[in-house]
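Two forms of a single protein chain come next, each set out by itself as structure tokens; they are called structure 1 and structure 2.
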Structure 1
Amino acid sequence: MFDIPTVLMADEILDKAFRKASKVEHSGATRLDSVRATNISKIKSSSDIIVTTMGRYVKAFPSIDRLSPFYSELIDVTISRDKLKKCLGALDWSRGNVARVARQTTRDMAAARNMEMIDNLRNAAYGRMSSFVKQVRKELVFLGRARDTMRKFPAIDPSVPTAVIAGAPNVGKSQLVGQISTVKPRVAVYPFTTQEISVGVFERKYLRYQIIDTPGLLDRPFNERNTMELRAVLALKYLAHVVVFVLDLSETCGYTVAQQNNLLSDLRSEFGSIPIIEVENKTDLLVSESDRMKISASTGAGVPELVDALVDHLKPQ
């Protein structure tokens, strides 16, 4: 999802910087001029690599305050928002210091009167730059892991109006999404679950809508989940403009109507003000007297009416 470059570790950044600098060579009118120009250039090139490499990481991680609440919450549950902020801040601190050492050193080298002074200045600068990079060793390790986690986040566009499907297992959620989505849903793994969520789309009057199928997420009582998993599951509420709760009154899904209703009341209390459309599926097997919407995800009966109701909730006002 997030396109963040591989994060190099402290030693790798230093290797890269100093290897490049070791190849730098300049000639001047005198031996002293050559040594001076060469060493100034070494300092510039090694510090440039450190400063731009770290700067690239700071830039590549999304600015957490500007992320949609869904991704912001996922980041907080999986890697901790505060820790990520602190690590990025530490990188900025480190690269700022490396840049400062380089500026000071090149000034001192320009004024140095002999080659020995220049050599000493270079060695001292290398030492200090290395130290600033090594001081963020742990932060780089953390960011490397954060990057790996964030790349695997499901790709969902939070700006597209979204319906989230919920309901007990085997009530027909996947089949319904298959009926509604005009493309094969994209599948992604979801943090803290072994489940995949799938994201389908449909269009109405040139507007695009998302429909998210959540196997394993919104299909069992919330009190059976550990804290992390629950938070990841509840993050879905930041995406949902409307929830479709699918019921199977035929109970061929293997869950009683009472169990399904318990899940529905869990969802109602956790999802607060988000509208929930209750839909009775498998009406080819059993039709109730209720005034809920009625569909058959197998035959497609009632599905167009459901889509109309979704669009009514989702379309821009």
Structure 2
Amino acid sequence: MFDIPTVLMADEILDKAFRKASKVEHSGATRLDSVRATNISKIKSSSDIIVTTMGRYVKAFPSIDRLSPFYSELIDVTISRDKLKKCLGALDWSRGNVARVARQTTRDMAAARNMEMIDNLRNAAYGRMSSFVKQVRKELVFLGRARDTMRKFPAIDPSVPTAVIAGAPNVGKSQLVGQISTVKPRVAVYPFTTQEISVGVFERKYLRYQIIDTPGLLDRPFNERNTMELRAVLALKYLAHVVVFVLDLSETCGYTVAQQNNLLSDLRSEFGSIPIIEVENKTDLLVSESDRMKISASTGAGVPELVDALVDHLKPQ
């Protein structure tokens, strides 16, 4: 989703910069001219590597203010918008100071009258540039981790009509998404199988629809939810045109029907404007006499009828 290059750490950036600078050689009319030209090029080469490398990171991370509300808040939940902005600002500060040191040093070298002065200027510049890079060591570590996290974000098109599958853990959401869409999520018989939001697509009469499998929600207040649960909340809040709430009346999911109904009530109060289709899953184990739609995600029974209901909600009116 986000094409962000691998973030080098401070020592790696400096090693890359000074290693390249060490290979620079220039000749001049005199020995002094040669030393001057070589060292000016060393300063320019090393500073260019540092400034360009950090600049590439600053440009590669997306502008949070221009992102969709879903991605903006997903970054805030998983990474922290403010911390990301501060770290990118710190890199801009660091690269700006490195560029300033390089400009001043090359001017001083051009005016230097002997080789000893040039050597001293080079060593001082290397020390100052290293200091500015090392001052953002923690920020580079943070950005490296942020990059790894953001690369796992699902590719979601907010313009495509979207159904979100919600419910308590282990009620069969991933299995249902696998029945409906192109996504075949990992399915297991223990809670919290779905660690990330996954996105599938299905088509009907040449129209394309998105279906999103969210991490299991627990029956507790929204402000007490963990990061994984908040991702599901974000999907519901910003992406859903319709919600499929999956219940397991057999309670083999590990949650009572009362707990699941409490969660449903909670969702209705928080997202009252979003249509909710209530679906009872695992009808191969238990069938109730309620008016809810009945399906078995494991056998596929009732799934075509559910897809018809989704299309009725999602298709252009």
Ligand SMILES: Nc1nc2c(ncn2[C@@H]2O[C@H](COP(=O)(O)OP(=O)(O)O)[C@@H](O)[C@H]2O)c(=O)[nH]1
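For residue numbers, the reference is structure 1: its sequence is counted from 1. Quick caveat: nothing in here was measured; it's all calculated off a predicted structure. C-alpha atoms forming the largest set that superposes within 1.5 Å between two forms make up the rigid core.
Here the chain taken from the form predicted in complex with the named molecule appears as structure 1, while structure 2 comes from elsewhere. Once both forms are fitted on their core, a CA shift of 2 Å or more is seen for residue 305 between structure 1 and structure 2. Superposed on the core, the two forms barely differ at residue 120: its CA moves less than 2 Å between structure 1 and structure 2. When the rigid core is held fixed, the Cα atom of residue 286 travels 2 angstroms or more between structure 1 and structure 2.
On core superposition, residue 261 has its C-alpha offset by 5.9 angstrom between structure 1 and structure 2.
On a core-based overlay, residue 241 has a Cα shift of 3.7 Å between structure 1 and structure 2.
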